Structure formats: C-alpha cells, structure tokens
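The chain that follows stands alone, in the form predicted on its own, written as structure tokens.
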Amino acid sequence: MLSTVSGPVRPAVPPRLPGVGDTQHRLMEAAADAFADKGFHATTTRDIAARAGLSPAGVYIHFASKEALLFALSERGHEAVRDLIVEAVEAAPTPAEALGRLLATFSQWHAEHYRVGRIVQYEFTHLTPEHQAAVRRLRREIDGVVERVLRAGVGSGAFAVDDVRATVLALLSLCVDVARWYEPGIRRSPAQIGATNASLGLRLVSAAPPTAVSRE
C-alpha cells in the first residue's frame, strides 16, 4: 500500500547501484548538491570535490569531468525510476491498479528525490549529444511502460482514452512536475502526493480510482 503516513525522506541520490563504489557514490551526492544549489555552469570540479571531502584531482580518478557526473546522475535517476515503475506494474492485478501504482510511485520518487529530478530535467542540455541520446533511450523505456499499461486498459475496456500517446505525455508530466515545486516541510508528504496524482491520473483515463493505491 502507498501509505499516506510520511516516512524518512530518502537521500538525494538513489540507492547505490551494483558496481558503484563508496567514493563514486559520495561524489555523485556532492555533485547533486552542488548542481542543485548553484546550477551546472556555476559549479566547478573544486566545488564538488570540497563537498565530497576530496581534492580536485580525486574527482578525475572516478569521473572524467563534471559533465560525466551530470550524466551519471541523469542515467542513474532514470534507471531507478524505470525499475521502480516496472516493479509496481508487475505486481498489479488489473490495468487500473497498475496505472495507480505507477503514478503513485513515479510521483513519490520525484518528491523524495526532488533535487535530482530538477537536475535531470533542467540541466539536460548540458549533456553531450551522446549522453543526451542515452538518456532519451531511458525516457522512451519509461514512456513504454506507461503506454503498455494504457493500451492494456483500453483493450480491456477499463480505460476510455482517445489518444494514448498524448495521454502518456500528460500522465508523465503530472508526475515529473512534482520535482519542480516540491520542498521538504510542505503540508503533504511524498506518499500523499503520490496518492493524489494516482487518483488524478485514473480520472484522466476515466477509470474509477481504486480504494487504495499500493506501492508496498
């Protein structure tokens, strides 16, 4: 169940992926803080190193540039979201439950990881063309998960959707935009935001919201 009870807010960077060492993870956390505070252009490698407790030379042992750090954050954030929504959908017995869980999970992640969410969205143009293409591929994978759920719902008669692709964009925008306005300490918890967006999304596809939207 996606509880409306607020729990501990997760760190800005998603949990460490296999193969990411302690120092790499610390540098990514430092870069996330620096990019969020100062923006990509104004952040220097020295800024990142100082936040991570390293010398500037220590950064280059693990990442070739601050752009490489930006890409690591972008790639890792997209992979984390993709894996979370795939897991949420696979556990759902119906298209409506799948869509509710997906929207709740996606929205809650963007609240809990709002700083990374902002970086991924607003600093995208600073990635190299090759890295932009890699991130776009991950975005298409995320789009595909939502599209498959919608088409399953339309096929079963659970959803009334005239334009599936346009509806995918609208639903994803609802969730991603959370990172733009969310701040810790606001009245609603990340879980409550997720539950609200799940209900809104289900109304958009003309599906009655389930009695409970689950992520647990």
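Numbering starts at 1 and runs along the sequence shown. Please read these numbers as outputs of a predicted model, since none were measured by experiment.
Just so you know, the form predicted together with another copy of the chain exists too; it's not on screen, but the next bit is about it.
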Requested in this report: Give a yes or no for Ser189: in the predicted complex, does one of its heavy atoms lie within 4.5 Å of a heavy atom belonging to another copy of the chain?
Outcome: no
Query raised in the report: Would Ala50 count as a contact of another copy of the chain in the predicted complex, using a 4.5 angstroms cut-off between non-hydrogen atoms?
Result: no
- Query: Just to confirm, Ile61 within 4.5 Å of another copy of the chain in the predicted complex by heavy atoms?
  - Reply: no
Even though another copy of the chain is not shown here, does Gly39 get within 4.5 Å of it in the predicted complex, heavy atoms only? yes
Among Val154, Leu54, Ala68, Leu174, just one has a heavy atom within 4.5 Å of another copy of the chain in the predicted complex, namely Leu174
Of the candidate stretches 97 to 105, 69 to 77, 115 to 123, 82 to 90, the one with residues having heavy atoms within 4.5 Å of another copy of the chain in the predicted complex is 115 to 123
When another copy of the chain is considered in the predicted complex, the residues of 162 to 200 having a heavy atom within 4.5 Å of it are Asp163, Arg165, Ala166, Thr167, Leu169, Ala170, Ser173, Leu174, Val176, Asp177, Arg180, Trp181, Arg187, Arg188, Leu200
